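Just the one chain here, the form predicted on its own, laid out as structure tokens.
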């Protein structure tokens, strides 16, 4: 096992305003771009060559990661001229792969935080002689996901759309966004057009009699597609609930990066991250939240399960609960923002002007 494809081309629409200036995989989680955690876990599993399939804000990736040597990897970058979907992106990077036709190629979605045993997935693929192997996870409520039932041997029997009625919930297994492909199968994906691996490639292979193997691994798994999930994932990395060798410090209740300044009487709990150059004022309380680089939290502010963007300012005694504050935004004193409020990049909210408002 030597190479992998990382699908990092999505626009991250559900994560706005975090992704207005930054592609989703580059938004910081536990102090480093989220993609760093995925690359570090791949390297720990024995991967040495990774091709990044980029599209949206593609120019951001290479200046940060370079050739990958700092992570012990060899990185290559392939940018789509137009969005090609998951299957199209996989096919588009095929010329950069080095594996022989029957060798395995790992593929990861760029927005999944998981404790998957990568080596076990590859071992399952090899032992069963599968054409494609899929990481499956079990969820308590599968109604928001496509379902992937398997037989007693773990062989995939169908790919089902999101269930609309209780009778349609035939399994709690869902596609968890990590795959092993037999290298030769990647070349069978149509080139030069959008292809969904979930809706077209996998069902098509199944209809043709290909062997698709599922491996259920129900360790930590989280889709970071929403701001609330992203904040939770970052906190879980800091707390050690989600495994990653790339967390820049010891796991614990808080992670304060070296140039941040935190007042002695400020309280940081629940996996809170304070980025480089950020300032936390006297008496502030920050719980389970991410404060990105250069942000300022003024005295007495209370921030819970929220994300404060780069260079943003949160006024004294302001309360945030489940809010997302875009880069460079300013929230004045004595405001109260709850329940999924998003403040757009650069917005200015005057003192005492907001209480339980919608997106701004």
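Positions refer to the first chain, counted from 1. Note that the structure is predicted; figures quoted are calculated from it, not measured. If you superpose the two forms and keep the largest set of C-alpha atoms that fall within 1.5 Å, you have the rigid core.
Another form, the form predicted in complex with a small molecule, is not on view; read the next lines as being about it.
- Message: Is it the case in the predicted bound form that 53, 83 and 111 each bring at least one heavy atom within 4.5 Å of the small molecule?
- Response: Looking in the predicted bound form, the three residues 53, 83 and 111 all sit within 4.5 Å of the small molecule (heavy atoms).
- Message: So in the predicted bound form, is the small molecule close enough to residue 146 to count as touching (4.5 Å, heavy atoms)?
- Response: So residue 146 counts as contacting the small molecule.
- Query: Would residue 117 show up as a contact with the small molecule in the predicted bound form if we use heavy atoms at 4.5 Å?
  - Reply: No.
- Message: How about residue 162 - does it come within 4.5 Å of the small molecule in the predicted bound form, if we only consider non-hydrogen atoms?
- Response: So residue 162 counts as contacting the small molecule.
- in the predicted bound form, residue 342 touching the small molecule (heavy atom, 4.5 Å): Judged by the heavy-atom cut-off of 4.5 Å, residue 342 is well away from the small molecule in the predicted bound form.
- Please pick, from 131, 103, 198, 76, the one residue with any non-hydrogen atom lying within 4.5 angstroms of the small molecule in the predicted bound form. The residue in contact is 198.
- Consider the chain as shown here, without its partner, and state which of 171, 124, 175, 99 has a heavy atom within 4.5 Å of the small molecule in the predicted bound form. Of 171, 124, 175, 99, the residue with a heavy atom within 4.5 Å of the small molecule in the predicted bound form is 175.
- Item | Segment assignment from 283-291, 242-250, 86-94, 229-237: heavy atom within 4.5 Å of the small molecule in the predicted bound form | Looking at the other structure, the answer is 86-94.
- Message: Is the shift of residue 75 between this form and the one not shown large enough to count as movement, that is, does its C-alpha move by 2 Å or more after the core is superposed?
- Response: No; residue 75 is a residue whose C-alpha shifts by less than 2 Å between this form and the one not shown when the cores are overlaid.
- Query: Once you line up the core, how about residue 160: does its CA shift reach 2 Å between this form and the one not shown?
  - Reply: Yes: residue 160 shifts by at least 2 Å between this form and the one not shown.
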